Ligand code: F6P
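In the form predicted alone, a lone chain appears below as structure tokens.
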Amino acid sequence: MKIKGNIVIGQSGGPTAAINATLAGVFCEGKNLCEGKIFGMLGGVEGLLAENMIDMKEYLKTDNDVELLKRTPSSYLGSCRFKLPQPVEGNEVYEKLFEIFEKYDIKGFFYIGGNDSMDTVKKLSAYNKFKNTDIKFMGVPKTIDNDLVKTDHTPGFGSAAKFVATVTKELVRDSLVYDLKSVTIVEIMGRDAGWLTAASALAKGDDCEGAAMVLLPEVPFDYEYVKSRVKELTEGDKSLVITVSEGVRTKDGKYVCELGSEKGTDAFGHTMLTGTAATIAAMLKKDLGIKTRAVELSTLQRCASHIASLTDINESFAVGSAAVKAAAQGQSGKMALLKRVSDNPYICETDTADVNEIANLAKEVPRSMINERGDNVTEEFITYARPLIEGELVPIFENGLPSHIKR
């Protein structure tokens, strides 16, 4: 079966090293299964509302263009953080969107993103019941946070995890240079789920001591415990590296970063998290009198395509392709996903699930993947995460630097 008409693709939320590989997957399968044009909305659904779109076949003309796109970080089509209102019949925002769908003969809508993006797909699918059109609405997962439910893991996570584990190894080596006691606190992204911070544990091995503590939002932050544990550990080691999720909270629900200063909110009402590592480092320095240093990876961890996971890139492409196949088969209101078949050997397949069972839910690191003390991960997490960082997709270098595609 084929999609009889045009399709439109959008990217939303934060960028990753693999989101363009997903875009490439939708585009390539779209060429196979779509009888019309493949539009790209510039700036997500906000761009679509402004009819700011491109014909992607005019930009991705060769196989080399697609290969370069897969190796280019961030969102090729641009992004947005636009929250659709509740889908009430006659709402002007939805009416305008469906007028645009009709104007451009859109029969397939593919939105690549995380939880808020799946909320967009959910709402558009719901409004489509009022309009009763034959448009297929499909979500395609993306988030370094790895917190979407139903899917074994999310595209983008593997590459970000590979970067985090690599940086942790390098910071451990750096911290051991001088013969003095010090503590380096590394702040890693993760508001409600600690998957990415947990990936720092992958650094530990025969050639690396690894992080002494891995602090996740799934476990309430207990400063008195952390202080006593650091004091104990620094008696035997001359320096420590501790990794911490930006979203760790105290037992009363207050973000640790808010202990230092009040934070603003984003378009979705989420507290803007920054300064967690600096807050903890300052407290330890004051109370223990030891040298501390705070390292905030910030946006560096999102788009490090120079050290992308080949597994991640391949799977990101695959879910994009799977979303188009599902739409061509008549599915709508679904999200393409990854389903693990085996750990050893590692095998993962694509599937779909109802977006209503995914949007606005968060998958936390299960307690079985966190040690009894709550300050590191278990072997179960290592077994889960290790395959996701395997392999490398070497950038195409030009003048000594990775080459990127741009519009």
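Residue numbers here begin at 1 and follow the sequence given. Keep in mind the model is a prediction, meaning the values are calculated, not measured.
Not on display, but discussed next: the form predicted in complex with this ligand.
A.B. asks: If you check 75, 276, 120, 143 against this ligand in the predicted bound form, which one has a heavy atom within 4.5 Å?
C.D. replies: By the 4.5 Å heavy-atom cutoff, the listed residue in contact is 143.
A.B. asks: Can you pick out, from 325, 191, 96, 181, the residue that has a heavy atom within 4.5 Å of this ligand in the predicted bound form?
C.D. replies: After the contact test, the surviving option is 191.
A.B. asks: Find out whether any non-hydrogen atom of residue 246 is located within 4.5 angstroms of this ligand in the predicted bound form, and reply yes or no.
C.D. replies: Because a heavy atom of residue 246 falls inside 4.5 Å of this ligand in the predicted bound form, the answer is yes.
A.B. asks: Should residue 395 be counted as a contact of this ligand in the predicted bound form, where contact means heavy atoms within 4.5 Å?
C.D. replies: Looking in the predicted bound form, residue contacts with this ligand do not include residue 395, since no heavy atom lies within 4.5 Å.
A.B. asks: Does this ligand get within 4.5 angstroms of any non-hydrogen atom of residue 302 in the predicted bound form?
C.D. replies: Yes, residue 302 lies within 4.5 Å of this ligand in the predicted bound form.
A.B. asks: Even though the partner isn't displayed, in the predicted bound form is residue 387 close enough to this ligand, meaning a heavy atom within 4.5 Å?
C.D. replies: Heavy-atom contact with this ligand at 4.5 Å: absent for residue 387.
A.B. asks: Only one of 182-190, 128-136, 155-163, 281-289 gets a heavy atom within 4.5 Å of this ligand in the predicted bound form; which is it?
C.D. replies: Residues of 182-190 come within 4.5 Å of the partner.
A.B. asks: Using a 4.5 Å cut-off on heavy atoms, what residues in 59-91 are near this ligand in the predicted bound form?
C.D. replies: Residue within 4.5 Å: 81 only.
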